[in-house]
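A lone chain, given as structure tokens: the form predicted alone.
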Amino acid sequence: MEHGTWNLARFVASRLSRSRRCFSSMIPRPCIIHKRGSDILHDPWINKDTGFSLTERNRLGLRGLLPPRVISFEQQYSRFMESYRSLEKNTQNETDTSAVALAKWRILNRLHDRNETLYFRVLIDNIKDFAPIIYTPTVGLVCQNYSGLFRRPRGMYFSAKDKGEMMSMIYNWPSQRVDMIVLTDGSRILGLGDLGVHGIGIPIGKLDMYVAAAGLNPQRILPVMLDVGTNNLKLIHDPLYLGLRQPRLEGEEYLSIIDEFVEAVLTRWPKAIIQFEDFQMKWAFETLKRYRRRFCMFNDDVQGTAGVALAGLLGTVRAQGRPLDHFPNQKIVVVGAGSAGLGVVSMAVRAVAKMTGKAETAAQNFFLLDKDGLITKERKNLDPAAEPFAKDPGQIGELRDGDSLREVVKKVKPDVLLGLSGVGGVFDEEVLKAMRESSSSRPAIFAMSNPTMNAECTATEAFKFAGENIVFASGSPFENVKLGNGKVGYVNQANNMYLFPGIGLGALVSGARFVTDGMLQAAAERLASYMTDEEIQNGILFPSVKSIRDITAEVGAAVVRAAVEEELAEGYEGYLGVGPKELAHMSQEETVEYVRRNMWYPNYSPLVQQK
């Protein structure tokens, strides 16, 4: 057995060694195509613009269709960045920040439409600058204005009118292999509500982050809009609206549409991972319950947000100078009982139960509020999803059902105030000042709602009213705050982008059958442990976005290890894939390396034409 294990380990090491030589030289593999001439120039997956060599132009029927000079990849890159910086310079005094953000999105989108390889290189190399443009918060503006911004389709659109046709429609997608699908029904886009077909901007932005952060091959991703109508009357009466002009389907009629889509996808791509995104709460939980043990899927709003929040909560304990086993003693007030808020409480309570071994008392230090105040078991028409976290009136002293946020904070004196309410400014001056009386010498304020206008408070407000010694995190980006005596109040962006790419990548390269709570918790714990003690003491809970690929590799490896431990890893059929036995015998370091080497990196590939 030992001899066999040694041979297996040596085999895996040799595979990684060979892949390292290949990838370190950045030599792209040939891409087989079935197109010629102008069809190539109109395909952003393979188009190189003026980067086609003379021999390629002759071989592929491009001679005369392009200006004669060949421009290198590096020159194209520099040319685009010069145009982008020029736009920044020309708009730096513009007071309409929304218009500036959309102008930046447009210039990136035009590049995306014609040349994906160059687009993703630009994105990867400048991720800190461009993540707020292609993702949070600008993606919210894009969704609100999508009909007016629409120029060409990206992804697929399935509607209630397509019932009975989805199995044939799925074969209209040109890629023979799809690894990752992000799906939305547009019913709860960020904190903006029902945006109908406009919600397609979210899957597009999420998958851009998957490519940039997790190195998924852009030819193997698929954004999907499932249009079942909209209850937004403004959209229905908008002459430019591109979706169905009908009320949303409900009940079994709605679920039958989801079922048909899922069956169609898994028939063509049985190994594809589906990420559910921005579904209203009742359908977020219903679809998660319905599908999570049938195929590899997860809901980012419920599970991804929860994982990022848990990582921040664990980091907060460290920032307070306490050992991690103090986490069960933290008093945490959570504002927002939607899919994200309930997801956070669920995962945090599971973490407490794991630490203490006492599931029955794990929720005792969590206080959940919705728009009607503190949730207790006395609440009429109590949502079943919130019921496990509703307080027993006999165990909360002076607190009562429906108590306001101000009253709860003053009486509980929480260590952490965490917002996922979608209500901008709900952490007002009085609430923030009440946090000065926290049980902790270093309380934490998490204003996690997106986009920026829906944040529960700004970073400046938090440090001004709650005190300079707080730990602050937000869902949307804010600038660090200058404090007295030259000190800095650090702003942490507690955004799902630190976690969902690693969850998806880890599930993919492990060949996981399902995404389990154990895999999600492993991902959150790895993110929480990523920061050094020195960074944590400075109030920095999350790393710089510049390190997103490294973070994703570490998180992905944690997911792989958890999938192996739970005997759910079936192996990956990718270029550098290995089977479940090889995965089981990899060390932690080898697993990280394995995940990293399966990341796609944008370089122009030699095109090989096949008839």
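So that there is no doubt, residue numbering starts at 1 and follows the sequence shown. Bear in mind that the values here come from a model prediction, so they are computed numbers and not experimental data.
Absent from the display: the form predicted in complex with a small molecule. The rest refers to it.
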{"item": "Joint contact, Arg220, Ile274 and Gly504 to the small molecule in the predicted bound form, by non-hydrogen atom at 4.5 Å", "value": "no"}
{"item": "Contact residue in the predicted bound form, chosen from Met225, Ala459, Ala319, Leu369 - any heavy atom within 4.5 Å of the small molecule", "value": "Leu369"}
{"item": "Asp208, Asp301, Asp179, Asp415 - the one with a heavy atom within 4.5 Å of the small molecule in the predicted bound form", "value": "Asp301"}
{"item": "Thr184, heavy atom within 4.5 angstroms of the small molecule in the predicted bound form", "value": "no"}
{"item": "is_contact(Gly191, the small molecule) in the predicted bound form, heavy atom dist at most 4.5 Å", "value": "yes"}
{"item": "The small molecule contact in the predicted bound form: Ala337, any heavy atom under 4.5 Å", "value": "yes"}
{"item": "Partner contact for Ala494 in the predicted bound form: the small molecule, 4.5 angstroms, heavy atom", "value": "yes"}
{"item": "The small molecule in the predicted bound form: contacting segment from 93 to 101, 243 to 251, 509 to 517, 444 to 452, heavy atom within 4.5 Å", "value": "444 to 452"}
